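In structure tokens, one chain follows: the form predicted alone.
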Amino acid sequence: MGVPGAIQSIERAAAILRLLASSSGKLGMGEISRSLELAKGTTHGILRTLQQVGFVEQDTASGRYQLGAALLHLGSSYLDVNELRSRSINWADPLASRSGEAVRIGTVLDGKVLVVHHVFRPDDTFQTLDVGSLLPLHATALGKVLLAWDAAAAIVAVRGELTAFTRKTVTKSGLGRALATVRESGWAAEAGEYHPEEAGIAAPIRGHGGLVVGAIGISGPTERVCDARGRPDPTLIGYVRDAARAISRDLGGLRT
């Protein structure tokens, strides 16, 4: 008898539980569906099953979901930062070489982007190591990727004050549309939103079940990353997305 393969419905249920475990509040079905890129019907069916066995609870007033009492000991995160970094290193260095730009890998921490790995630009310019730095979610390509697939973090960002680092920094009214575009395209960009003369491109890193656990991106002078109209170079977008997919495959987030 052959060894059975992975059961997709269980993988998706696990991803929903992990998303709820990492959330700072209750999530609606639509938010869960968007974060994991699942059809609403599929999401609803899994949530009903998880609710029936006590793994998920639904708030009767708002209709939003949270972990059930049986799973409250799962903790707030399932992928250790060190593991994310160690699995990503093999792909970050080649991305820096191919793109000619600095590479950063980040994850969400306390409403910011925590830089867990940083590869310098492959040139002789002075650079400062950013590992451990905290970057704004709304004004960086890494942050936009993380917000696009983290419904709870996006809600907090939209409700809070968005610091305008430059005149191009996205506003509260424009953030929702920007995140919808990121989810549709599968990557994010920023040009002069955090630093006036710097641009970036980033893509999501997915773990088991498709849950977005981090982001990888490049950053450099706007004139090298973008064209004269501020549009990111399609070749660089391809490099970043290829690296993100490779890391996701290593983490079990994409089927080969």
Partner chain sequence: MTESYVVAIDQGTTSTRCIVFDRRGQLVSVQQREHHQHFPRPGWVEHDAVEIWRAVQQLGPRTLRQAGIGPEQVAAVGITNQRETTVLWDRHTGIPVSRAIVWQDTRTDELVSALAAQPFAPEVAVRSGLPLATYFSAPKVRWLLDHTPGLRERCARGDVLFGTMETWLIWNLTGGPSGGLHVTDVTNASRTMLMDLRTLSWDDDLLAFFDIPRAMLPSIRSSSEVYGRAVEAFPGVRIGAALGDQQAALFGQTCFAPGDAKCTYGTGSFLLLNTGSAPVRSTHGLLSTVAYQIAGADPVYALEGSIAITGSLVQWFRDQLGLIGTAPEIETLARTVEDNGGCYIVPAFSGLFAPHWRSEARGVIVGLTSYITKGHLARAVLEATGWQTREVVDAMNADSGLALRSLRVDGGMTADNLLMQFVADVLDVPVVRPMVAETVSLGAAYAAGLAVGYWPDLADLRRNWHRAAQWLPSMDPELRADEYDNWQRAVERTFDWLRPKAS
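Positions refer to the first chain, counted from 1. Bear in mind that the values here come from a model prediction, so they are computed numbers and not experimental data. C-alpha atoms forming the largest set that superposes within 1.5 Å between two forms make up the rigid core.
The same protein also has a form predicted together with its partner chain, omitted here; what follows describes it.
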Is it true that A199, D227 and R231 each have at least one non-hydrogen atom within 4.5 Å of its partner chain in the model of the complex?
no
Answer with yes or no whether D124 is in contact with its partner chain in the model of the complex, where contact means some heavy atom within 4.5 Å.
yes
Does at least one non-hydrogen atom of S133 fall within 4.5 angstroms of its partner chain in the model of the complex?
no
Are any of the heavy atoms in T171 no more than 4.5 Å from a heavy atom of its partner chain in the model of the complex?
no
Is T166 near its partner chain? Define near as a heavy atom within 4.5 Å, in the model of the complex.
no
Can you pick the one in G186, G176, P94, G160 that has a heavy atom within 4.5 Å of its partner chain in the model of the complex?
P94
Exactly one of A180, I89, V156, L109 has a non-hydrogen atom within 4.5 Å of its partner chain in the model of the complex; which residue is it?
I89
Would you say whether E57 is displaced between this form and the one not shown, judging by a C-alpha shift of 2 Å or more on the superposed rigid core?
yes
